[in-house]
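Next comes just one chain, in structure tokens: the form predicted on its own.
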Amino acid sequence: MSKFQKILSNLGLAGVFLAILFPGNDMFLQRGSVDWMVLVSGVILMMVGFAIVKSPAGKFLTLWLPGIVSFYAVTIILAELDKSTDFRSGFWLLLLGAWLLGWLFVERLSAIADTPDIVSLVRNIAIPVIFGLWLLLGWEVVVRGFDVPQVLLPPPSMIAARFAASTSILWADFKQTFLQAVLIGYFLGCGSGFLIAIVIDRSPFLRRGLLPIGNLVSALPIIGVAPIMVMWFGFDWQSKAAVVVVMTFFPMLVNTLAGLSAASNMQLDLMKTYGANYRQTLFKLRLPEALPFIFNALKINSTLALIGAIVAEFFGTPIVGMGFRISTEVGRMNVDMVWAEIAVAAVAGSAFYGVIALIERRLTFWHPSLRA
């Protein structure tokens, strides 16, 4: 066990023990004796595990017991959140101890080496999930513990309730913004940027002429472009898709051109010795070498497209869409609905990015970064 891990475990145990030693109403809300006995037993087992850390049983205990005790402490915290909003110092000590033990568990889980692929996959998914759940728990406790006004920051439980009650509205907004404006604009912008990069690569004249124009277009502010696109293409999703095209075109153009130049002179000379023409060299050498650059642009544009479509809806849209809902609900002070829309946008953007990253791993498995 490293020195850092010992510090974490000791701090976590200290926080949990202090919460146990002061269970009175002035320090902490009363708990049943059975609950405390289970928690104390878990702490004792953890200490035993630390004492026999060199044995297989000790290694198992020192890995999993911090997570088990942390999880049980979280159940107590959630139970107290439903009972009261007047939290004493013992409550915060228990929260601190549970957080430190959870941190220790995640650190040890991430340090495991030589595991099967399926175990590594589960671990790689579990670590960010645990981290995200702790962020939500901390958000809930801080907002309710310090009595933050719901207009400023609603707790996650309130946002979840609004989400569950507004699924039909959220789906209509998601369909309007993401499935129409974002996806169509994304494929048009990335596709046109890719094709024009191929054309520019073929002609030095176009490289000198079109690149400065593309740079100029990329520097246009979205709040200036969006009203113009609304005037040109109307209030429906077409104008939002046009904004997405403008935002995604230049990153794809620049990254594709950089990728087409990634092949070394030795590789190009080898293709010439094989008698390969321009098209054969392009498809068998230069485009495969450019794939990491192209996927970088695709991943960057996956977030830019969603941001562009939502912001464009602030300047004119039918009575549906994520941007429309956010702007109107902010005016009505329905901040929980705003956060529900933000959650939908975050999940959609993350899933979109994840799909592109997964395709990248399948197509660029030969790249040194992925082989490592």
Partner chain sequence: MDDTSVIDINDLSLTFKTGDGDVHALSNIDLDVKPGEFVSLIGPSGCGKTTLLRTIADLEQPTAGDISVNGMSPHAARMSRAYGYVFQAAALYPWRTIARNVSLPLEIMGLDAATRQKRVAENLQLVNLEGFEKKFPWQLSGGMQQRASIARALAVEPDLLLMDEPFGALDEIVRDHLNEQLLKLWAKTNKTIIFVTHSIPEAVYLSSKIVVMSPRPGRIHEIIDSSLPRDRTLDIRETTEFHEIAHRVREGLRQGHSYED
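Residue numbers count along the first chain shown, from 1. Given the structure is predicted, the values throughout are model-derived calculations rather than measurements.
What follows is about the form predicted in complex with the partner chain, which we do not show.
Judged by heavy atoms within 4.5 Å of the partner chain in the predicted complex, the contact stretch among the candidates 224-232, 207-215, 260-268, 121-129 is 260-268.
Candidate site formed by Gln280, Leu285 and Trp366: every one of these residues places a non-hydrogen atom within 4.5 angstroms of the partner chain in the predicted complex.
In the predicted complex, the partner chain sits beyond 4.5 Å of every heavy atom of Ala160. With a 4.5 Å cutoff on heavy atoms, Glu289 counts as touching the partner chain in the predicted complex. Although the partner is absent here, Leu96 sits far enough away that none of its heavy atoms falls within 4.5 Å of the partner chain in the predicted complex.
At a distance threshold of 4.5 angstroms between non-hydrogen atoms, Pro149 is out of contact with the partner chain in the predicted complex. Checked against the partner chain in the predicted complex, the residues Ser110, Thr167, Ser203, Thr273 give one hit for a heavy atom within 4.5 Å, which is Thr273.
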